[in-house]
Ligand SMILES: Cc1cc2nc3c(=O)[nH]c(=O)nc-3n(C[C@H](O)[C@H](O)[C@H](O)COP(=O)(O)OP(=O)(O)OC[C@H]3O[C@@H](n4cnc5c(N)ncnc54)[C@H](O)[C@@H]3O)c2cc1C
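Presented below, as structure tokens, is a lone chain in the form predicted on its own.
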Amino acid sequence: MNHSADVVIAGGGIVGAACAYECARAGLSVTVIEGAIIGGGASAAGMGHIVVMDDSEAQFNLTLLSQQLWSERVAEMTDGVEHLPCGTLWVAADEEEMAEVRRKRAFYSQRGVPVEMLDSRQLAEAEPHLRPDLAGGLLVPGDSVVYPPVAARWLLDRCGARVLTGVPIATLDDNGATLEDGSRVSGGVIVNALGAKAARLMPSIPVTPRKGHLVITDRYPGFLRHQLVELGYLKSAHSAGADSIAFNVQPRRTGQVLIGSSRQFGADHKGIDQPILSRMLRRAAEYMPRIGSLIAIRAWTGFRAATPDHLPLIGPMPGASRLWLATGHEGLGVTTALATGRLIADQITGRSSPIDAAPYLPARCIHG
């Protein structure tokens, strides 16, 4: 089989689906190639948090744009997307972390993002199962949660892209993709949206898999109201090379509680690392003592696509005429998927974008 399209997208996760959606909306013919099932990789393994982040101006701009795009789309999506507008509560353990709360409040407020600073009493009222000696927190009410695999399928169904599943890609080049069954898919632009697997087909790109664990409980409606994240999460997320864990729990619309999070470099097997999982669950119990009494029904792992500067690679590959990248989102792939798709489509068609694409261009860290 040989097939051609204006845009060929390698990877049918939430980022690849968002790129397909935006490119098709721009009038381009699109083919998506997914070696397994749509939304079955990191999209299925992640938490589905749509969150505005403030690590840098570039990260803020990308996450804010994407959250706005999600807000426009989610009302149209099928109920299976399980959208839950729960907000995010950044939890401060002590006065030192409350200083970070104040910094975050100033950052968001100056840029028009509604936030609310909570003292210890208000935090306890917002989340009664947190331990009582916490200092306070910052509520970002506009954040939400979705179920990414269903969102990915909706995006592809809605945009009418041709979708090829079940046969992995053997090679990517300037002209298209060769599949492992020998068939060929040609494209005017070829987008590598393979997440943590992106570097397997393009070894020169600085994307490293970073393993994470999650646990989901049985249904406990009302136990948890907001996505809760400890302020130490950012230090954990940015630790270079070391294994790390942080308190991060999420309510699901089903009444279940999703418990994270962990990060490991150099762990390339999918199996559960029991010491890491145990540390992660102990950390959750330090913040929410009663969480240990909930019945866990499943634990699993996934791989984030990490870059050295914690920003994704979105745009043309230096030194190649038609190869593009949409990868390296690490733990923000769901959040930033729709903005990534918009930037890819805008660059391919030459349209102006709502934000400057320069901070995310692969040329910043890849030389052709």
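Since the structure is predicted, the reported quantities are computational estimates derived from the model, not experimental observations. Counting begins at 1, following the sequence as shown.
One more form of this protein exists, namely the form predicted together with the named molecule; it is left out here, but the text below deals with it.
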item	value
Touches the named molecule in the predicted complex: Gly333 (any heavy atom, 4.5 Å)	yes
In the predicted complex, Pro141 touching the named molecule (heavy atom, 4.5 Å)	no
4.5 Å heavy atom contact, Ala193 to the named molecule in the predicted complex	yes
Any non-hydrogen atom of Gly212 within 4.5 angstroms of the named molecule in the predicted complex	yes
Stretch from 54 to 62, 23 to 31, 303 to 311, 317 to 325 whose residues place a heavy atom within 4.5 Å of the named molecule in the predicted complex	303 to 311
Val7, Arg342 and Ala345 each touching the named molecule in the predicted complex (heavy atom, 4.5 Å)	no
Residues in 42 to 77 close to the named molecule in the predicted complex, defined by a heavy atom within 4.5 Å, in order	Ala42, Ser43, Ala45, Gly46, Met47, Gly48, His49
